[in-house]
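Only one chain is shown below, in structure tokens, and it's the form predicted on its own.
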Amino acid sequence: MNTNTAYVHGYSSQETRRLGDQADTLATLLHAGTAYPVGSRVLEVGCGVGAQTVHLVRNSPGARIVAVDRSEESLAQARAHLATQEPGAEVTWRTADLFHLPFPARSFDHVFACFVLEHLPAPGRALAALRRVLRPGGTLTVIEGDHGSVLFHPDSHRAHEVIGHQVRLQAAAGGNALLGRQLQPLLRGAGFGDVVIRPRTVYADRTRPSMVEGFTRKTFIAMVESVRDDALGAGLTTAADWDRGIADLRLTADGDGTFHYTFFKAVAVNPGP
């Protein structure tokens, strides 16, 4: 992640697995329509452990992809992950901060950022930094979630409370778990044109067992569960209330439970000076 603020979900092996489960489960939903021409220069920022990089490579095998993250440890995991999933694929890995990218202006034809802006204290300034390295006429693709879009059955105030604790912790770390709804004005404010926002909705119930397992359980609930100690440490809740809320949230992945979440995918063009 390219920011000096804390990554609210942490850097554990469990989080690495969660990111992989999320990327694989949502690959068709989120990457549909994203394919770059052979020879085009593509920058992926905040590549983390390479969960999304694998799908970029699969969809655009002839593109020249440069993947950037500020964490050398994450980049090492990303290299190993790509080598396992796509042997022989060529990606250039660079350690750098998003706000200080080591590339000349107009270096790339396309830029891709997935689940990055939500962890930054200044997403508008980050978009300006990305626009600097994007050639005129080049495209920026941004994907973000929005925890305010969560709907589920059986409904539970206690389950919504534990989700709210994760939202508050992310805000305290300088991020915004409700960023998806803001993409259009953020991109326009950063000077991008031809901004198109396409909501990508996840819906899971017992008729979609792979989505229940891959998204409801292994992605969303696992993400909320990961902040338990921080929520207790910050005095946001008690252990008993947290455990009751998580138990209610898990019911959405059992029996007749249902779960809904909306991601927002934006594609915008750098109009140039």
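Residue numbers run from 1 along the displayed sequence. From a predicted model like this one, the values you see are computed outputs, not experimental measurements.
Keep in mind the form predicted together with a further copy of the same chain is missing from the figure; the text below concerns it.
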- Message: Partner absent here, but in the predicted bound form, which of 167-175, 182-190, 99-107, 73-81 has residues with a heavy atom within 4.5 Å of a further copy of the same chain?
- Response: 182-190
- Please state whether every one of the three residues D146, S149 and F152 places a non-hydrogen atom within 4.5 angstroms of a further copy of the same chain in the predicted bound form. yes
- Query: With the cut-off set at 4.5 Å between non-hydrogen atoms, does T25 touch a further copy of the same chain in the predicted bound form?
  - Reply: no
- Decide whether T201 counts as a contact residue for a further copy of the same chain in the predicted bound form under a heavy atom distance cut-off of 4.5 Å. yes
- Message: Under a 4.5 Å heavy atom criterion, is H260 part of the interface with a further copy of the same chain in the predicted bound form?
- Response: yes
- Applying a 4.5 Å heavy atom distance criterion, does A128 contact a further copy of the same chain in the predicted bound form? no
- Note on the structure: None of I163, V195, V91, V133 but one has a heavy atom within 4.5 Å of a further copy of the same chain in the predicted bound form; the exception is V195
